[in-house]
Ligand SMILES: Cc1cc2nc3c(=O)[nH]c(=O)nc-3n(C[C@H](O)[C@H](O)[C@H](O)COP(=O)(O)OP(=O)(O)OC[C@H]3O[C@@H](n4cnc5c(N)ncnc54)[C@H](O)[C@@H]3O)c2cc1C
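We begin with a single chain expressed as structure tokens, specifically the form predicted on its own.
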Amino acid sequence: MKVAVIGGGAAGLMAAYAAASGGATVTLFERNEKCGKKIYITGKGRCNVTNDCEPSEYLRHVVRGGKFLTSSVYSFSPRDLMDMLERGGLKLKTERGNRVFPVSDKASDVTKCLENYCKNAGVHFKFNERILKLDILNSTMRGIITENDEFYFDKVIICTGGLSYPSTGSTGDGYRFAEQAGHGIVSPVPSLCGVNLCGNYYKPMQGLALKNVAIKIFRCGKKTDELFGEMQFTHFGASGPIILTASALICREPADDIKLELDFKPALSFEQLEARLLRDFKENQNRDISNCLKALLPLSAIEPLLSRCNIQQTKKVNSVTKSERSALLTNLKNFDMLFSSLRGFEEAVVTSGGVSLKEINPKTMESKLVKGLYFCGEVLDCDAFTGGFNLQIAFSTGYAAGCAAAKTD
């Protein structure tokens, strides 16, 4: 059985190893000069390889495609991946939120471990070779056509990634191959990325990191989600953990339908916060309102908040009206972030969208339209939250595709 794997990222390396281990003769085609370019930049260069949790818990962190992924994740779970990597000599550690990293904190060590598995299994690598099109006859794979040659293969596994971080080689080739084979594509959009905000109100807060805050997500005026944790204001708007999570939830929604509100004090109810504010006002009656709020907010957040409430920073506390105090309370708990749009693919951790799951066998990753054609990893319409969950999608679907492709029909 001759198998071609197109793409040398996490999914491609796993698929190539699984197919070769199953007895297939495997050639891995990578358009770059080396494998794992996207692996190298994940986890800020440390590579959060997976999340150390049970499959049932893992699937709760999948945003889209959870039902489709159930079989592959149970067949090759986070624990299976961790055991495999450690058998290959890669020592792992588990950090906050069950995030798993190499002890060395070097993403390149993850790629080396996977490459060693492939080489020991007999995988042949072809670098700097771009695939132009698939060779399909009568809805059956016959091979691939590259910039340099034509190759015959019994099976072809597409592991080309999505559109996020295009500098790593993720330029959407997989979608083109899928369309050539007759597959539908769910329009790809950036996910796990920062958000652009309207206006300039956030400029004074640029660089401000906030902990223990909440982001409320409204769709068409109805609150649908509330996220607690950390975020930060940036030169374009906002980023940080809960913002990235929010982006995954709203990335397919029209921007005009979305509203994001920041709760500076989610641990306090509206009534508790009002009592706190009244106490602070009583103790600081003759001070400027901006000075009074220093005990409640970071310094750089005070100006934008007061501006939103139409209150002068130099206004004395004893002259703040009831309506102004009400505006302060409202904005402390429901500060409209003036959402504009998501950041682009250049900054997105993953792509949401891709090859329609309706046309893929969830147990084998084989196309239901073309015999011998498989898809795995980010090219599929699957995505998850941060924390190692997206890389596990690549590994689990890659393993499923490789194992299936090695079998004789």
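A residue's number is simply how far along the shown sequence it sits, counting from 1. Bear in mind that the values here come from a model prediction, so they are computed numbers and not experimental data.
The form predicted together with this ligand exists for this protein as well; it is not shown, and the discussion that follows is about that form.
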| property | result |
| --- | --- |
| Site check Ala11, Gly161 and Leu391: each within 4.5 Å of this ligand in the model of the complex by heavy atom | yes |
| Region of this chain that lies against this ligand in the model of the complex, out of 199 to 207, 111 to 119, 258 to 266, 172 to 180 [heavy atom, 4.5 Å] | 172 to 180 |
| is_contact(Cys403, this ligand) in the model of the complex, heavy atom dist at most 4.5 Å | no |
| Partner proximity in the model of the complex: Gly372 to this ligand, non-hydrogen atom cutoff 4.5 Å | no |
| 4.5 Å heavy atom contact, Gly43 to this ligand in the model of the complex | yes |
| Proximity of Leu293 to this ligand in the model of the complex, heavy atoms at 4.5 Å | no |
| Contact residue in the model of the complex, chosen from Arg287, Arg325, Arg142, Arg130 - any heavy atom within 4.5 Å of this ligand | Arg130 |
| The unique member of Ala348, Leu69, Val355, Cys53 whose heavy atoms fall within 4.5 Å of this ligand in the model of the complex | Ala348 |
| Stretch 1 to 38: residues contacting this ligand in the model of the complex, 4.5 Å heavy atom cut-off | Ile6, Gly7, Gly8, Gly9, Ala10, Ala11, Gly12, Phe29, Glu30, Arg31, Asn32, Lys38 |
